[in-house]
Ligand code: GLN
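The chain below stands alone and is given in structure tokens; this is the form predicted on its own.
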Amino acid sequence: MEGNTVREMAARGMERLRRAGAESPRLDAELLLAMVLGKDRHFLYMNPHYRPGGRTEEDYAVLLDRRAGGEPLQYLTGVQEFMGLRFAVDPSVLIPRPDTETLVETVLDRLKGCCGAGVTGQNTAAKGAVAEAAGQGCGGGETFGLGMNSGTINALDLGTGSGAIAISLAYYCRRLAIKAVDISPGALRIAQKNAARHRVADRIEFLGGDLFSPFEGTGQKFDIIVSNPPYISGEEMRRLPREVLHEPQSALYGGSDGLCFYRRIAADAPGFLRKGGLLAVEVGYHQAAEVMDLLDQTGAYTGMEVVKDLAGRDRVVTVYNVRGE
């Protein structure tokens, strides 16, 4: 018989990636082989003696070489799971991380009572966050509930990238209407594709621009502003793993101290948040205190809280706007 079996191919692929230092060589090798075959991993286990033939081995070898060279698995497969949903990704967008699910779940938690009847999908954590207090009024903050017990909730996602945050929020809360901004045309194309995939494109408007620039002079106000801005410092950029260096640096680099975008968001958000509106931002594991200080210096916010991720690290900072109407 000609050609190797899928078991042999997967074993050789795993060894190739192990030698290259991949963190999960078996998983990566199997996912790449399944992708080349147009199957799922289950097929590999159920058909270990299958010999695919054709150009399968050559195509698989190319992907293994790229992965061994440091290209992220998600860019090779073109997908990443986030909040129980599958998102298309490519090198124009940052790969959504599990840590960022804390940001989405925090916002959904603040919305509990607003979205319980409108939750879709199968993500248990997200459902629990919005359904736990259904019927008890919106939000966990005293000011956030004002004016939000009926009608549409207007949200803004700054630096949307793949759209993972905006799309997840819209998917799990039907009352949300979201504007999502990114400076990258490539990112916006991917985000629009993902919104269509998850059938929330009718409630998300994607806009090109730098943070709040699309709304300057419009008088637009939002109930919620959410962002996972670039927050890697100059020193940290020099120490990033090689895989991360394949991702768009504009989505990673937050200025010399990593706080550039937080300064801008802290200063400008009050002009675009209604009074009592929520601002929620993801932060690096060591940045919560500095970001809280930046927000506090503006005198524009109250009810400041820090939310930890599943590893117990400070991950999200939330505040409510005390200015405006």
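The first residue of the sequence shown is number 1, and the count goes up from there. All of these numbers come straight from a predicted model, not from anything done at the bench.
Form predicted together with the ligand: not shown, discussed below.
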Residue 30 versus the ligand, in the predicted complex: is there a non-hydrogen atom within 4.5 Å? no
Look up in the predicted complex whether residue 162 has a non-hydrogen atom within 4.5 angstroms of the ligand, and give yes or no. no
Using a 4.5 angstroms cut-off on non-hydrogen atoms, would residue 72 count as touching the ligand in the predicted complex? no
Quick one: is residue 232 in contact with the ligand in the predicted complex, heavy atoms, 4.5 Å cut-off? yes
Check, residue by residue, if 97, 228 and 252 all come within 4.5 Å of the ligand in the predicted complex, counting heavy atoms only. yes
Please determine, with the chain shown alone, which of 244 to 252, 196 to 204, 211 to 219, 74 to 82 has non-hydrogen atoms within 4.5 Å of the ligand in the predicted complex. 244 to 252
In the predicted complex, which residues of 271 to 291 put a heavy atom within 4.5 Å of the ligand? 282
